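The chain that follows stands alone, in the form predicted on its own, written as structure tokens.
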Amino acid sequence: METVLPKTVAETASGAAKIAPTFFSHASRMPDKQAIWCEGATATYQELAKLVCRWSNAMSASGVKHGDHIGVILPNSIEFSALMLVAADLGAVLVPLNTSLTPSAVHKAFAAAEVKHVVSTAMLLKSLLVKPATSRTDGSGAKNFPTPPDFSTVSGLWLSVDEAIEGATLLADLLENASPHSQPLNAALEEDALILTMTSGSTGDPKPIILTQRTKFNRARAAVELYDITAQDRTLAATPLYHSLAERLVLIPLLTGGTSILMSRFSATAWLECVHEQAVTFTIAVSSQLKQIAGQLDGGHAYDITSLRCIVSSSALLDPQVKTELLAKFDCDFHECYGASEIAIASNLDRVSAKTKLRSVGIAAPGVNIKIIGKNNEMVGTGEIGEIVCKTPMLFGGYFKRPDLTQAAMWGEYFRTGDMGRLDEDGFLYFLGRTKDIIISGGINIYPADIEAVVNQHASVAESAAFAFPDEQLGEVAAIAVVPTNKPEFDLKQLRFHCCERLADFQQPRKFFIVNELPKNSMGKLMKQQLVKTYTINSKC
């Protein structure tokens, strides 16, 4: 069965980039085909379409209007997936958040995104619906407990998907208000925001990223073309749905007539079992997941993953050694991509190119233009290091109500990634780390990726992260946090000798911190600034 996704950006711009109608067209043509599976729960296209239509109509009848912002705090589920289609039909805007955020962090994010309605589980809603105390003192007049955040500004619908609680409407009751024969509202426009995805989360100032229907559609179309996705594919999403990668992986099959396979949470064993049991053919996985999967494949258990047609590594640089292992262990098309939430996929490294360009993250994806700019904001020459900037049809719609941040993030029509890299003579991109992570020692730029590549080559190291450490003479020196493969037998002297042989003097780590694990977020991305905060305060080595 052929995909109905438009094949060119021009076609998309001419009126095809509407998510809900595309999904409903599949539901009318193949009602009994499995649309989605999530941890044993399933829905056919017809069942999912009926749920979406009833939910969309019921939300509209309950006062949810075109353009309203809906805060979503849900685990991966069929309900979360359906809600994306509901928003696409209503013309509403979803603001998905990490389920582990504190009420204060949720409050901050809701305020930044102007959330009016909330959809969550009963357990999570209870923590948000606590009324602020008028006085909480220890008798002396001083506050003894922090005051819960006031969510009274979220004045619309509070919806619980699983259990009835005071102050919220139960989804099952809401759906009773809509006819089982409800029809699509088709109220959304291509330019409407569909998702406001957050950066900064619980730390710093939340920056909602605007992703419109057109952008989401373009990103799905780009993946379809790049990875040859068809209606026969069973696409696995194993990362949290509050992140744009998982959202894309759920939407791709629903927009191509395929089947979405959704894991509630990731473990290497569960991933391998899911691939086998659900006959997964395509997925994009974060690099930290693939490293765990590669290790599990060495565990002696025979996993049948022959259904896999194509797998893509995303979200963080894949260690060259792990990349080599994966190329050997996965007998399927293998890719590595580079990108960001604001631009989606920017570059692609395929299996063939990886043989000669192993340390690169590939060439620009179709329709994408990548350049490197220097400190003076002018393009640098081939092989020279600078900031990676990208021009792409998959560009975000800006930061919500932050034109200052949006303007600062652009170099003309190019998005400034904040990442350092270089392009070789063949146009292959090499990622060297975040601009803010560059170590400047005595006026010399040191790129953490260069140090990490050498340290990770040592057999005693599972993974590492280099970062800047304050120094009175040089301003900064290189420090490195190391996770040993076997901590009791780890020999730091051997690792120091290994570094001395392979790194220039200015690149040598001056501080070594032996840790059990590196701080990472739920997407497996390294939180390097957490290392800086932890170890620059306590300078003991």
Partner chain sequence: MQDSIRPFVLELLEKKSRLPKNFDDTSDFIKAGIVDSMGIIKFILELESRFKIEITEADIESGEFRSIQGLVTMINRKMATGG
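Here the structure is a predicted model, which is why all the values come from computation and not from measurement. Positions refer to the first chain, counted from 1.
What comes next is about the form predicted together with its partner chain, which does not appear here.
By the criterion of a heavy atom within 4.5 Å, residue 266 is counted among the residues contacting its partner chain in the model of the complex.
A residue is said to contact a partner when one of its heavy atoms sits within 4.5 Å of a partner heavy atom; residue 370 fails this definition for its partner chain in the model of the complex, lying far away. The closest non-hydrogen atom of residue 32 lies beyond 4.5 Å of its partner chain in the model of the complex. Using a 4.5 angstroms threshold between heavy atoms, residue 505 counts as touching its partner chain in the model of the complex. Contact with its partner chain in the model of the complex holds for none of 147, 455 and 457, as no heavy atom of theirs lies within 4.5 Å.
For the options 408, 332, 444, 164, the residue carrying a heavy atom within 4.5 angstroms of its partner chain in the model of the complex is 444.
Checking 197, 287, 212, 77 against its partner chain in the model of the complex, a heavy atom within 4.5 Å turns up for just one residue: 77. Picking from 424-432, 214-222, 95-103, 253-261 the stretch near its partner chain in the model of the complex, with a 4.5 Å limit on heavy atoms, gives 95-103. Residues of 175-197 that come within 4.5 Å of its partner chain in the model of the complex, judged by any heavy atom, do not exist; none qualify. Compared with the form shown here, the C-alpha atoms of residue 416 and residue 443 sit at least 3 Å closer together in the model of the complex. Relative to this form, the distance between the C-alpha atoms of residue 440 and residue 357 is reduced by at least 3 angstroms in the model of the complex.
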